[in-house]
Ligand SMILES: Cc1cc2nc3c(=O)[nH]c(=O)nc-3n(C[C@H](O)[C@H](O)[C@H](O)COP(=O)(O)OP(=O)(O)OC[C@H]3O[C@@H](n4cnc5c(N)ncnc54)[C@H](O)[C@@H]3O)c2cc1C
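The form predicted alone is given below as one chain in structure tokens.
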């Protein structure tokens, strides 16, 4: 193929020394025909037009952490947004921040910290802003400030036909609705305006507990978090530990009052009689998303992931989840706080409709285990679940789509994907 001269400066081909660091995602090793590195919205349009003219598959990457690995491909074009990484406070009085989709959350936290601002985002600094912000964004501030999509106030979007549009509550409201939870199928977001939180320091408690086979420790964790002060959000990792299992928990208190923080986290110490270690400290919010986490994604973490949402952690659900960790071929289980401010938003306000749940449960397996091993164990957990989160699905097929976007929400998402992308340039395959 002949490369247009105006694109030459942004194209990385397999012979380029940069290619090995750009071709893959966090979970997949890929071999695209080329990677394009646009520096602005106009160049995104040009890159998309070129890919369409050549009839090549298109993958769009902000960070590349999605477990489905759709931020790259084999034989197609990857539009890598890493150069669109601006972080700029537009209006301090309104806490309105403009963020490029290629920025990583570690960079965002670092830039906003001196101004006493933070954005409710994911829980790892290397995650890209674009992908997580249009699928949900659940992390350390979830119960107090809600999800990232709940604070997106506007977006600049390149549609499949190359048009550049602004989407907000009054301009392109349908597109704006879809972007907040189902943005993967409508276009390429090239800028986001997000309302930040007024926040400097947070309290952090890290604990490691012995977990029991009956699931009492995780049931107590979720039960307490359901009624805990909203400033408190938590994430627990349930994993094998020799012949036992441990629950490694990080809880974040979104405030700098040490007395209130200690009072809020005190009950967490009694989730299990087997407290192995604990550590409490007060740190800047940016310390939760350190720049040390920034790294290229080279397929370093292959695996299969699925997830489900729970209204409450019942004893049968807790026992089924624990059994997956104690199995001969165990699953790694994450538990993330939902509820709180997330549930203040009406279910039909955004494309993320799950607004009456208390915990997100994520299951993952890694080589040599495969998806079949995960399915075998997850079959026992799935009957207790109600709904799913699109950003943590390795296999976003039709069944997963309906778990993530139930009923009328799913119907509306599909209608808008067809309207804004009739040729299915961005739509996940099989949907």
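Positions refer to the first chain, counted from 1. Computed from a prediction, not measured in an experiment: that's the story for all the values here.
Not pictured, yet referred to below: the form predicted in complex with the ligand.
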Region of this chain that lies against the ligand in the predicted bound form, out of 67-75, 222-230, 256-264, 324-332 [heavy atom, 4.5 Å]: 67-75
Site test, 177, 180 and 417 vs the ligand in the predicted bound form, non-hydrogen atom cutoff 4.5 Å: no
Contact flag, residue 122 vs the ligand in the predicted bound form, heavy atom cut 4.5 Å: yes
Contact test in the predicted bound form: residue 361 vs the ligand, heavy atoms, 4.5 Å: no
Contact test in the predicted bound form: residue 135 vs the ligand, heavy atoms, 4.5 Å: yes
Partner proximity in the predicted bound form: residue 60 to the ligand, non-hydrogen atom cutoff 4.5 Å: yes
Listed residue that, although the ligand is not shown, lies within 4.5 Å of it in the predicted bound form (heavy atoms), from 81, 141, 218, 99: 81
Heavy atom within 4.5 Å of the ligand in the predicted bound form - qualifying residues of 179-194: 183, 184, 187, 188, 189
